[in-house]
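A lone chain, given as structure tokens: the form predicted on its own.
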Amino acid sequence: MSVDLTAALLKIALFLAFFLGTLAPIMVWVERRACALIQDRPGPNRLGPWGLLQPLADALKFIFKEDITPTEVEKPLFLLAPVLAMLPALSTFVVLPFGPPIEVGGRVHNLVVADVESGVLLFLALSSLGVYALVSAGYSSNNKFSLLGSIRASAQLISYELALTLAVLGVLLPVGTFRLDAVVAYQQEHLWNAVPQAIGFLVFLVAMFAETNRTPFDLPEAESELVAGYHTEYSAMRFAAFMAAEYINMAALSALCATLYLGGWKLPFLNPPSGPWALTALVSFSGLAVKVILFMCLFVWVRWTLPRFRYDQLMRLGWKVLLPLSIVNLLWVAVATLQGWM
């Protein structure tokens, strides 16, 4: 096995262990405990200390739960939709840099799985594929609530992707490249982009909530209106796949936001040690992980604090507020770049 292939497999294993094996189960516990804390309830507290083993019990429940396929569904699409939800979630992280270049055995390796020139474009292209899973699930379920949920999801994602993409363009303009490691290097020489591009950061942050269907933008699965929306007819591990994909998408977009606006893997006043390459990679990855965890906690806090929007309010915010703000931010960055202020 070649050195490059071994390095790529190690980087993939590190991301999968963090996103799928660690962050998603922990966030299930954090979500329930934070909800209970905000609502003055005990929350999960039976399995393990402070209920820490509750995610394991939930996983076992999903594994042994009866997997029901309704008789009137479009079976190929119905079975494929959970897979389509997981694939973009598990593939977007390949372009995220999590540390400086390291030297191993006389060869320099960039700490990113797919070291491509168009890193940001690849991330946005892969993440946009998630809408096909929601549309497929809603259409194939032969259920009016599921269909309405999938229509809402497709309109919502398309609307907010415009503002999100324009916010990303504002970050790329002064850097002059699509490479995310170059964006991190630019912020090391200047301020974090969240400071000069505060408007773009705010737009990206709000669009993150809409892109992941999180409260207050969870209209595609509004239980008071659509039962559970596009995944109403799903149960057992197929339902679990949709839920896991949601948490992984949250983590991936949080990592992208941290990379674009908050200096990526670098923490303030702390440089990765110049000792063994494994220590350098671990410390830098931990810096990115800390920022991702903070964003994930923000997701949970907002969910149990703000009420759900009406659908007309959601669309109005996307088209009449966020899109104009993202255009204003892009124009400001273009002028500042031409004048040499950035």
Partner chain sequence: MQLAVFALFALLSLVSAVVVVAHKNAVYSTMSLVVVLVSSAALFVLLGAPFIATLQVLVYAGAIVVLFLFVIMLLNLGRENATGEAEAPRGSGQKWGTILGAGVFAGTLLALIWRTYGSDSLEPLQAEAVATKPLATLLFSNYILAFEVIGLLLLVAVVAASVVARRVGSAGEAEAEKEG
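Numbering follows the first chain given and starts at 1. Because the structure is predicted, anything quoted here is derived from the model rather than measured.
Beyond what is shown, the protein has a form predicted together with the partner chain; the following relates to that form.
Enquirer: What is the one choice in Gln187, Ser154, Thr215, Ser91 with a heavy atom within 4.5 Å of the partner chain in the model of the complex?
Expert: Among Gln187, Ser154, Thr215, Ser91, a heavy atom within 4.5 Å of the partner chain in the model of the complex occurs only for Ser154.
Enquirer: Looking at Val112, Val135, Ala240, Met208 here, can you tell me which has any non-hydrogen atom within 4.5 angstroms of the partner chain in the model of the complex?
Expert: Exactly one listed residue reaches within 4.5 Å, namely Val135.
Enquirer: Is the partner chain in the model of the complex close enough to Leu77, Leu122 and Glu161 that every residue in that trio has a heavy atom within 4.5 angstroms of it?
Expert: Heavy-atom distance to the partner chain in the model of the complex: all three under 4.5 Å.
Enquirer: Asp40: heavy atom within 4.5 Å of the partner chain in the model of the complex?
Expert: Taking the distances in the model of the complex, the answer for Asp40 is no, it never comes within 4.5 Å of the partner chain.
Enquirer: So in the model of the complex, is the partner chain close enough to Glu117 to count as touching (4.5 Å, heavy atoms)?
Expert: Yes, Glu117 lies within 4.5 Å of the partner chain in the model of the complex.
Enquirer: Against the partner chain in the model of the complex, would Phe178 count as a contact residue? Criterion: heavy atoms within 4.5 Å.
Expert: So Phe178 counts as contacting the partner chain.
Enquirer: Can you tell me whether Arg316 touches the partner chain? I mean in the model of the complex, with a 4.5 angstroms heavy atom cut-off.
Expert: Flag for Arg316 set to yes.
Enquirer: Select, from the options 227-235, 197-205, 124-132, 244-252, the stretch whose residues sit within 4.5 angstroms of the partner chain in the model of the complex by heavy atom distance.
Expert: Looking at the other structure, the answer is 124-132.
Enquirer: Since the partner is left out here, which residues of 22-49 would have a heavy atom within 4.5 Å of the partner chain in the model of the complex?
Expert: Stretch hits: zero.
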